[in-house]
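In the form predicted on its own, a lone chain appears below as structure tokens.
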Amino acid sequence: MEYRDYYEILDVEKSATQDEIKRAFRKLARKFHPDLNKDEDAEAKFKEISEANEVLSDPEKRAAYDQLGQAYRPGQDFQPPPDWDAGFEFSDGPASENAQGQDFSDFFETLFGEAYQQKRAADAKARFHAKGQDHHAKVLIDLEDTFHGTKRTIVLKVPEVTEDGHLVVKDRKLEVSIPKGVQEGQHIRLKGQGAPGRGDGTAGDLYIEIVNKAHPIYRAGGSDLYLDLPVTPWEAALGRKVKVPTPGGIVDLNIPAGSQQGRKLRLKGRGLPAKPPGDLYVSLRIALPPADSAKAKKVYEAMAELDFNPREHLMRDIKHGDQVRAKS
């Protein structure tokens, strides 16, 4: 998938005002609209400029796109970084009239597909609904916040258009209670923190989607946690009791004798809080000590006397394959 420069498509500067973007789109739309232009590529061009306008005419999408686009060039291979839009506040407003019914590119769908579908679903009721629009935002939290629960001050990026039509991004600070045991993908509802209502209508709500920050040692999957645990060859071969860090503190884990690389052991109830609590799954990773001393080399030389060849099955499989090919 290639990165798309929407400013280049509409032939406007990145500093263009919202009115300048609107005028540029209207000019190109008149030129390439399939009803007015019968060239073979007119329809594809109209679709392209409609897509660019759908992003740049929407201050929320434009602000997120601007931040993402600082590191990319047109045509460059593109894969959005995880949670690239975290911290941006998006509304549930209807899609633009020119965008309705359009099938946009994979680039657009990857970035804005979910939000765009929400807008299209809101079209039918938006004109008659007095309540303010609901807003959505992703927020990154530490795994420890999930385990213990906490109150946090979060800062959301809220795009605004100035009186002269330029786009600015302002910070909005909110106090949010992170409930104990909240999982990635769940939403926290902040009542009345969305857009103001019309007339006497109530304000919309703000839905905070929880996303876990990458943790240095744990990986989360629902309420379960996963940990790669380094062990020595003798701990794996002979069996030992070792110390293992868990979110609730350090515990003892029995390594069964004869354990192999990748063996999984479960610490029941040592994952994230839930009903029932999640488990902690420990994957063994055998770590070899360096042969950087006379003592270490002597130990390795003694191990070399063992009747053990980890490649024996490879040689056996190759010989078997040669025999099969010789018979055929």
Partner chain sequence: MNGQILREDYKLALTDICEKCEVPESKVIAYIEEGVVEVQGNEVKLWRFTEASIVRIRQANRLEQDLRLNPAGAALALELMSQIEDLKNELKRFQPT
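Numbering follows the first chain given and starts at 1. If you superpose the two forms and keep the largest set of C-alpha atoms that fall within 1.5 Å, you have the rigid core. Worth saying up front: this structure is predicted, and the values here are computed from it rather than measured.
The same protein has a further form, the form predicted together with its partner chain, not shown here; the description that follows concerns it.
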(message) I'd like to know if residue 249 sits close to its partner chain in the model of the complex, meaning any non-hydrogen atom pair within 4.5 angstroms.
(response) no
(message) in the model of the complex, is there a heavy atom of its partner chain that lies within 4.5 Å of any heavy atom of residue 298, even though the partner is absent here?
(response) no
(request) Consider residue 146 of the chain shown here, and say whether it contacts its partner chain in the model of the complex, taking contact as heavy atoms within 4.5 Å. (result) no
(request) Verify the contact flag for residue 240: yes if a non-hydrogen atom of it lies within 4.5 Å of a non-hydrogen atom of its partner chain in the model of the complex, no if not. (result) no
(message) Only one of 253, 182, 137, 225 gets a heavy atom within 4.5 Å of its partner chain in the model of the complex. Which one?
(response) 182
(message) Counting any non-hydrogen atom inside 4.5 Å, which residue from 42, 274, 29, 267 sits next to its partner chain in the model of the complex?
(response) 29
(message) Need the contact residues for 41-62: heavy atom within 4.5 Å of its partner chain in the model of the complex, sequence order, or none if there are none.
(response) 46
(request) Establish whether a shift of 2 Å or more occurs at the C-alpha of residue 285 between this form and the one not shown, with the two forms superposed on the rigid core. (result) no
(message) Using the rigid core as the reference frame, would you say residue 193 shifts its C-alpha by 2 Å or more between this form and the one not shown?
(response) yes
(request) Would you say whether residue 242 is displaced between this form and the one not shown, judging by a C-alpha shift of 2 Å or more on the superposed rigid core? (result) no
